[in-house]
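Below sits a lone chain in structure tokens, taken as the form predicted on its own.
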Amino acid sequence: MTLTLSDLATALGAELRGPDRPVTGVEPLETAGPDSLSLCLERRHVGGLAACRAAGVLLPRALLGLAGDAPCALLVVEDGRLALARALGLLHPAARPEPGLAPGALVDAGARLGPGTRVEPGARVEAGAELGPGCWVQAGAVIGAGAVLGAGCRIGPRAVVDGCCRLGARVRVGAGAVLGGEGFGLARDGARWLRIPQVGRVVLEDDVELGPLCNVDRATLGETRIGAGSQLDAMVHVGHNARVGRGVCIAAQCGLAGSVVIEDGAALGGQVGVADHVTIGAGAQVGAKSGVGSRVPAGARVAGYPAWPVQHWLGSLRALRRLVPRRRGALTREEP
């Protein structure tokens, strides 16, 4: 895609300082050429502007005073990361395949496919499944009997959307993800475990995105729900009857046990574990590798195992370091 810097300035709400030139893509400062847009979003990268060969550079207004006499045009923006996201979408639009059934696609006669839907080789759409307009089912994926997908959903290679699932519009499911697998519900029967049948649903609202290898378990009763616009990174597990609110961000390898509630706008760092029936309040932030075993209030910032207010966790780390002998600024190890 080729756009002029002035086109981008209009689309991004940016101020163009310098000559208007066409650009065809986005490249890092070090490798950008005269037909590229580049970016300088942090103070530590400002020094690279002097040698930049790009046609233009995205620059947050807060860094404008440090830019000096840059040899290229500047697109001055208020929020650098947001502008980058929009510029990448404009200059590197996502590819879309031709609608239709590829050779080797397996679509039951009882399935209903909306106009513009694409089903790739080896993908299976079972009887009673309903796919809205413009859906894309990639190679090897399975859409179970009775599943309902809204318009514009994209199901990645070898992902599974079980028949108990209801997806809103523009939901993206990463490769190998499993939606609607049986939840981990067990009851003790003497010396053995008895599996509790899981008969509920999985509901993903509009614009939810799941990374590769995510698992969202089917509810025992009722539903497991992920709210509109929430983003789950790779290998996130959502247990049965969990409820994830709107606009939640969960980084890779997190695990939510059954009946967890994550309220709107909360954010979890990588490898966070949340115990069953725990609530994390709206807008709360949980640091990476934390173990959450009790309620986190709305807006709180917690970290550690067990998770507690981040200032207390940092204080405990400082106290621990004072107990450990140091040599030349590094922690020592006991000799064998």
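Just so it is clear, the model here is predicted, and its values are computed rather than measured. One rule holds for the numbers: they count along the sequence shown, beginning at 1.
Unshown form predicted in complex with a further copy of the same chain; subsequent notes refer to it.
Shown without its partner, this chain lists P133, G247, P71, G128 as candidates; in the predicted complex, only G247 has a non-hydrogen atom within 4.5 angstroms of a further copy of the same chain. A307 is the sole member of L59, A307, I280, A54 with a non-hydrogen atom lying within 4.5 angstroms of a further copy of the same chain in the predicted complex. Contact between L317 and a further copy of the same chain in the predicted complex is found at the 4.5 Å heavy atom cutoff. At a distance threshold of 4.5 angstroms between non-hydrogen atoms, L101 is out of contact with a further copy of the same chain in the predicted complex.
Taking non-hydrogen atoms only, L64 never approaches a further copy of the same chain to within 4.5 angstroms in the predicted complex.
When a further copy of the same chain is considered in the predicted complex, D79 lines it closely, a heavy atom lying within 4.5 Å. Of all the residues from 158-185, those having a non-hydrogen atom no more than 4.5 Å from a further copy of the same chain in the predicted complex are R158, V160, R172, A175, G176, V178, G181, E182, F184, G185.
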